[in-house]
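This document opens with one chain alone, in structure tokens, the form predicted on its own.
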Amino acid sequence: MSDTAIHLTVLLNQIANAVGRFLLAPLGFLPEVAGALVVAVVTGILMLIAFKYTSHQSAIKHVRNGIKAELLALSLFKDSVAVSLGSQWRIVQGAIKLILISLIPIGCMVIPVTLLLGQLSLWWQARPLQIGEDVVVTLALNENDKTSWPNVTLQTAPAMEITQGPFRIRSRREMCWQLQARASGYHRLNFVVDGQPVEKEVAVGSDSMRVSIQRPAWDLADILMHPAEPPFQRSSSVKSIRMQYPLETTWTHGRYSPLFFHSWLVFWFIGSTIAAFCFRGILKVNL
């Protein structure tokens, strides 16, 4: 992927972080189920409005009326094989036309929806550390020079204590430490790599918080999945830094939830889709 696309993604993430910190801040105070429902309904309505103003509504209405007419013909002339086959073929053609008409609004929504999901993952993918809980942090080095190993040290604040490490995994060019959380809040892990300072955010608390699992590498997919912190440059000795936060275990997105709602992403998708269909009549949107 070109550096231009990555630079653009980093810029969009900066904007999304600024907006997301403000608009999604209530998730830190609302009950998790209520917060998930509010987000699903609001985003469903916003996507519905975006679809209305980026799609050819009259064309969609015309195609849908044509499909309804063919369905009526199927029920009225079900004894006629020729009429039934013709109607079925025209229904298929209408469905294809609806998909083609929808490509433009879907394309317009891809980028904002992707940025939104990145912001939601900061709240719902993992939970913050609890005081006294251990976590493993892994610093991955770039593989541009496998013959040398930089001098790496971790300088923790009083909020985080090193209990084990560092351990070197030479085959993967990684260094690992086990840390223990000592105080609530957002903290910084300060690494020094060959004299250059490197930071990683840590979230500790019993309430809902934005959790940055990884400071990403100079990779488009990595940056989209972990938008909270700036990525490491391609020329950096460090590739990425990852915290093994505990995954969420609530009914909306955890391993103890029903299979149908096993993932927060599935919950959001189903909730926003239902909201969009419920409000399409009120907002007069043809889908």
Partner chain sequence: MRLMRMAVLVSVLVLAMSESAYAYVGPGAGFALAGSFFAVFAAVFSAFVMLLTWPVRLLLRFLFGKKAPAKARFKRIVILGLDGLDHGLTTTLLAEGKLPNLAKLRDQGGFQSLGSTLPPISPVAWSSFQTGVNPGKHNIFDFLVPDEQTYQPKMSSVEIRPPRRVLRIGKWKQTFGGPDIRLLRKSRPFWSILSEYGIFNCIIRVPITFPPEKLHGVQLSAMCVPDLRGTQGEFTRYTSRPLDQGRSHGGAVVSVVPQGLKVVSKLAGPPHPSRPELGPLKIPFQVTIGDRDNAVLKIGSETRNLRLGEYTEWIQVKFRSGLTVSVSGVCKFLLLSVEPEFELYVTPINIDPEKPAMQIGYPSVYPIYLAKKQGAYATLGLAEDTWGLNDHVLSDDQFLQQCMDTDRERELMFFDALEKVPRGLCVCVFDGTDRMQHMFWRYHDKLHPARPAEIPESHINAIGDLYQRMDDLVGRTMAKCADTDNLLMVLSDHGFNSFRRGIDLNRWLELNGYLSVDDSRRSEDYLAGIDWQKTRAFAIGLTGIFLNLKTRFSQGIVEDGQEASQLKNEIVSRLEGLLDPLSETRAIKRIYQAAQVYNGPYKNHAPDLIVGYDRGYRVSWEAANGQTTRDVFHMNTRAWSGDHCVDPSVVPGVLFCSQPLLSDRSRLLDIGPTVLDLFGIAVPSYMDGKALAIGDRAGPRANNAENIQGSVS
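Please read these numbers as outputs of a predicted model, since none were measured by experiment. Numbering follows the first chain given and starts at 1. Basically, rigid core = biggest C-alpha set you can superpose within 1.5 Å across the two forms.
There is another form of the same protein, the form predicted in complex with the partner chain; it is not shown, and what comes next is about it.
S.K.: Tell me the stretch among 166-174, 196-204, 127-135, 97-105 that has any heavy atom within 4.5 angstroms of the partner chain in the predicted bound form.
M.R.: It is the stretch 97-105.
S.K.: Work out which of 233, 65, 58, 244 lies within 4.5 Å of the partner chain in the predicted bound form, going by heavy atoms.
M.R.: For this set of options, the contacting one is 65.
S.K.: Among 192, 157, 76, 162, which has at least one heavy atom within 4.5 Å of the partner chain in the predicted bound form?
M.R.: Of the candidates 192, 157, 76, 162, 76 is the one lying within 4.5 Å of the partner chain in the predicted bound form.
S.K.: In the predicted bound form, does residue 272 come within 4.5 Å of the partner chain, counting heavy atoms only?
M.R.: It does: once the partner chain is placed as it appears in the predicted bound form, residue 272 has a heavy atom within 4.5 Å of it.
S.K.: Against the partner chain in the predicted bound form, would residue 90 count as a contact residue? Criterion: heavy atoms within 4.5 Å.
M.R.: Yes, residue 90 sits close enough to the partner chain in the predicted bound form that at least one of its heavy atoms falls within 4.5 Å.
S.K.: With heavy atoms only and a cut-off of 4.5 Å, decide whether residue 209 touches the partner chain in the predicted bound form.
M.R.: Heavy-atom contact with the partner chain at 4.5 Å: absent for residue 209.
S.K.: With a cut-off of 4.5 Å between heavy atoms, is residue 80 one of the residues that contacts the partner chain in the predicted bound form?
M.R.: Looking in the predicted bound form, residue contacts with the partner chain include residue 80, since a heavy atom lies within 4.5 Å.
S.K.: When the partner chain is placed as it is in the predicted bound form, are 84, 225 and 287 each within 4.5 Å of it, taking any non-hydrogen atom of the residue?
M.R.: Looking in the predicted bound form, the three residues 84, 225 and 287 all sit within 4.5 Å of the partner chain (heavy atoms).
S.K.: Go through 41-62 residue by residue and record those having a heavy atom within 4.5 Å of the partner chain in the predicted bound form; state none if no residue qualifies.
M.R.: In sequence order, 44, 47, 51 come within 4.5 Å of the partner.
S.K.: Taking the rigid core as reference, does residue 84 move its C-alpha 2 Å or further between this form and the one not shown?
M.R.: It does shift by 2 Å or more.
S.K.: Inspect the rigid-core superposition and answer whether the C-alpha of residue 210 shifts by 2 angstroms or more between this form and the one not shown.
M.R.: The answer is no, as the C-alpha of residue 210 shifts between this form and the one not shown by less than 2 Å after core alignment.
S.K.: With both forms fit on the core, has residue 198 moved 2 Å or more by CA between this form and the one not shown?
M.R.: Not so; residue 198 is displaced by less than 2 Å.
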